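Encoded as structure tokens, the following chain is the form predicted alone, with no partner shown.
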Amino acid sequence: MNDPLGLVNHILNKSFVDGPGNRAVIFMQGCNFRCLYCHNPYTIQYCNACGLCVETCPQHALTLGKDKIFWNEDICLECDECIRTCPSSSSPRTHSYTPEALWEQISHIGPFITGVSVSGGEPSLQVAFLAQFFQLVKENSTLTTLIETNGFAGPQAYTAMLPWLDMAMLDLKCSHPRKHEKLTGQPLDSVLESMRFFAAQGKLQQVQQVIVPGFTDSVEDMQRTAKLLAGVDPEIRLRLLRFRPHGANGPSAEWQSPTDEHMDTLVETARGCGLKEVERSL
């Protein structure tokens, strides 16, 4: 049986914000959410090799093969003209890896990092690949493993990787069911099931929530979120991320960022609802 292939958008060799310590971050291609404020829309859809981007690439770094766009990254300037051309705002600048090949990309920086985080896109769409990759990480190093997930796939999606997964960071987009569906295009129930599952396994590293105007920025919104999490475990770490319009598309590019004062108010609101570890981004 052939090893599963993983479709990777890009790899960041060093990050201090995607889990504890200094971590390599692997961004997978493909997502099952359509968040209104998504800052990485080029990771949502899969390239369907329509070929439209080939003609618009100023460096001629793209060529059309059979059912695939080939990307010459040696001459690519990453000007994003291909993404702007794509009707789905997808990116042809991806790599397909076997688990072994991806580990080879990471292993040489192993001595300089503390762990490997997989983000996206949405990692749960490529579980079979990630289970084998995480197994290689754990069998060949002391690095910790983490996924950053929206949780929508439900607990059953993570079972295959669980023996080699140290931590999960869950993005709780919104704790109000109707608002969650409006914001992401998907219902909330399975997200909460995944959160409880990771907490019960002792693998929930933190929950994070973007403070988005009209969806998660009111005191009432934060009370709902904090009471929900505290009801599972008051020790759950909650990190509030300030929405920023830079990089957002569509109407969300005109939304306002919450002020420092309002972010501080929401932190205190969450603590007042029983959560012991609440912090916010700058």
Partner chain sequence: MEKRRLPEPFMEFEDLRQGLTAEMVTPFKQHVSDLLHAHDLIYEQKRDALAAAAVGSLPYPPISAAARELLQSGVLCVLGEGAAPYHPRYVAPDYARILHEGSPFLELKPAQTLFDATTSLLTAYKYFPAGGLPVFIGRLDELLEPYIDTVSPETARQVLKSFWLLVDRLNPSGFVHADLGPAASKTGALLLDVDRELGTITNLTLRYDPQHTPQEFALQAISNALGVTKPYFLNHPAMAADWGEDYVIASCYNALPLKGGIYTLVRLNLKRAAEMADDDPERFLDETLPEIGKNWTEVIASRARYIIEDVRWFEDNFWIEEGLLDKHKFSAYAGVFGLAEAVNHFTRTDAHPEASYGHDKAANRLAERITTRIHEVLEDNPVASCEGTDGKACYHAQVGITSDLDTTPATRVPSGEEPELYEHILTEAPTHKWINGGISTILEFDQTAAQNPAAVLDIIQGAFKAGIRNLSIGSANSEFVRVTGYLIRRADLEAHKAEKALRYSSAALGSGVMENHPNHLHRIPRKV
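Numbering follows the first chain given and starts at 1. Here the structure is a predicted model, which is why all the values come from computation and not from measurement.
Not on display, but discussed next: the form predicted together with its partner chain.
With its partner chain left out of view, the stretch that reaches within 4.5 Å of it through heavy atoms in the model of the complex is, among 201-209, 103-111, 119-127, 151-159, 103-111. Proximity of His262 to its partner chain in the model of the complex falls outside the 4.5 Å heavy atom cutoff. Contact annotation for Gly274: none of its heavy atoms lies within 4.5 Å of its partner chain in the model of the complex. In the model of the complex, its partner chain sits within 4.5 Å of a heavy atom of Arg239.
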